[in-house]
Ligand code: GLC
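Below, in structure tokens: the form predicted alone, a single chain.
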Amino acid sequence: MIEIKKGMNESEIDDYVNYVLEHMSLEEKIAQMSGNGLFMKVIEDKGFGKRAYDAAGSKKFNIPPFKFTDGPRGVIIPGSTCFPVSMARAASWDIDLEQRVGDVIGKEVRAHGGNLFGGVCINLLRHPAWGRAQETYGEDPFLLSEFGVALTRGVQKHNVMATAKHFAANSIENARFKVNVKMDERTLREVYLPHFKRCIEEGCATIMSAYNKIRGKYCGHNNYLLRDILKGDWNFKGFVHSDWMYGVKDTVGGVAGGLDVEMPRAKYFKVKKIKNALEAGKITEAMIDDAAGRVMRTILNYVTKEDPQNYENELIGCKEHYKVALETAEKGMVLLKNENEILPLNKNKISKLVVFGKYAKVKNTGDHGSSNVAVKKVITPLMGIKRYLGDSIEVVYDDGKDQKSVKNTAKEADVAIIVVGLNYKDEGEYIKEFRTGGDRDTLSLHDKDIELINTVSAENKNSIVVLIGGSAITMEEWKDQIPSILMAWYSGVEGGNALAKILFGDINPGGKLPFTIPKDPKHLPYFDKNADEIEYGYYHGYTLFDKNGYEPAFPFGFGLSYVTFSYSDLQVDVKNDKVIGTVDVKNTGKIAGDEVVQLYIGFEQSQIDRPLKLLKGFKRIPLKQNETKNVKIEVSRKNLAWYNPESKSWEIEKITYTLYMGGSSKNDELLSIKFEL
């Protein structure tokens, strides 16, 4: 018998798995294709998510199980570090930081006894009303790709298998179990799949199928998605497991469709059901061997690697990890408006500061579904402000419920900070039994929040609105009367500390929006949270706004700083397989600041229907006062291709392109230059 040992190479692992498959019974092979139960563990633990849940594995052949825990806000097992939600992390536009977040998560998964992290959520934000928007990285496939890869890289460094999810086109929450998503081939290949492909190229170990249907077939049964594209076109070597509880609808559909593992227990992948399907000729033993082999091979690829370190319990929620959570919160907050330079606040010129709104005092880290990280201590906005100021300024709190009190308190204060937004009941994973989460019916704030903003701003000209949420919030009813608006997101355990440091200028905000905020929600794609069927078009987000000439309230990639930046001397060079853009960026302010330099490629001269421009590169750079840096961003030539459904291939047009570089997707904030391929 071949021996399992540390440091096995791929060839040795393949030989061992082939040996095991030759000596396993049919029942033992089928045992690799499902989770090892859930309900008794939940009862024993008095709750879900308190351990890593095991699946597959074989004691007889010395193959450990994979042990699943969820994300993406951090490891959901209690005590873990609770990071800002993925959308907030995307707003940092800092992929090196996201890899460090993955590094922390990988360590904590291992310290909890797990070896698979199901939290690389890269579903595209087609419409900001989507309930689980907070779990992903925004509306652009390239941005999703870069952040998904960074998280995967950080997690898998610690021999933890990463799962990219939910494959694919999962962008409606309430109807996720039934909705059939229709789309043409170019939309599928160019808009909804590139980020998954990029994670596979990076070596992402596993894929989680989505609940919804695509073109009439459930994603967990969809042989075109799973067999033809994922395992065929992309040559994916890992395994596909279902989303939990309802990800498989029948035995034959799942096995024949290319699903390898039913999670978290065997319902349709039971031995008897698979045997019956096999005897009826509806599936083949080669399908079973392929699924079982993929699972065992992937597990061994990770558990036989040498670990880069030890993983003691002391790592879980440690001070060093909280520092990363703080930095992430600081870098992700987006300053949307700052008239008259209200911010940063000067505490030497303030005697009394008032903080309004219930969310100033509530532990509000986001969704309470499968991404929830149970943590006892959270630094709320009010707590962070009070900690920062100590006794230097009088800080008054008003929950905003009594209008008379609000007026009087606002009138007496030097500065009013209004903390408003959403919580787990407004948006998140839809859990009908608990009346939580789901898709949003409106993109605006609650009426009570708008009333609070109007009342405070009428009495105090130095009013600052701090928005809490995981997606776009429209502000047309009130934004013109508020001088300063800051998007603070669901910002994790250290969010209040980060907020205070930004408000008072210790941190210069550098975050940028990972989505478009509309003036009019009618400018967005059609959205029906209860749809049985829906068509996903080729355009959404900034590409739709560009095509139709809509003016957004705040464009994709937008974010202010306490300084300004100037761009000059844009150059483009085409070398071999790369398009290289360079530009000089200068900090024209009086303090240091970070700028996110964005590169877009324009397709205005395309002979086919294509977006006017697409994000193809970005880089967050620090700049000291008056410092100028020459920023270079490279774009792979293949990233300019479009998918030709007739030839079933990616093609690059020989046309004149436009290269844009600047601080947001807004055309008048971008420098441009032409080049040819």
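Predicted model, so just to flag it, every value in this text is computed and none were measured. One rule holds for the numbers: they count along the sequence shown, beginning at 1.
The form predicted in complex with the ligand exists for this protein as well; it is not shown, and the discussion that follows is about that form.
Using a 4.5 Å heavy atom cutoff, none of W130, K512 and F556 lies near the ligand in the predicted complex.
Of the heavy atoms in D243, some are within 4.5 Å of the ligand in the predicted complex. For the chain shown alone, K165 is a contact residue for the ligand in the predicted complex, at least one non-hydrogen atom being within 4.5 angstroms.
For the chain shown alone, F61 is not a contact residue for the ligand in the predicted complex, no non-hydrogen atom being within 4.5 angstroms. Remark: S370 counts among the residues lining the ligand in the predicted complex, judged by a heavy atom distance of 4.5 Å or less. Residue G118 is the only one of G317, G118, G138, G154 with a heavy atom lying within 4.5 Å of the ligand in the predicted complex. For the candidate set V420, V596, M208, I385, a heavy atom within 4.5 Å of the ligand in the predicted complex is found for exactly one residue, namely M208. Contact with the ligand in the predicted complex, defined as any heavy atom within 4.5 Å, is confined among 611 to 619, 645 to 653, 66 to 74, 25 to 33 to 66 to 74.
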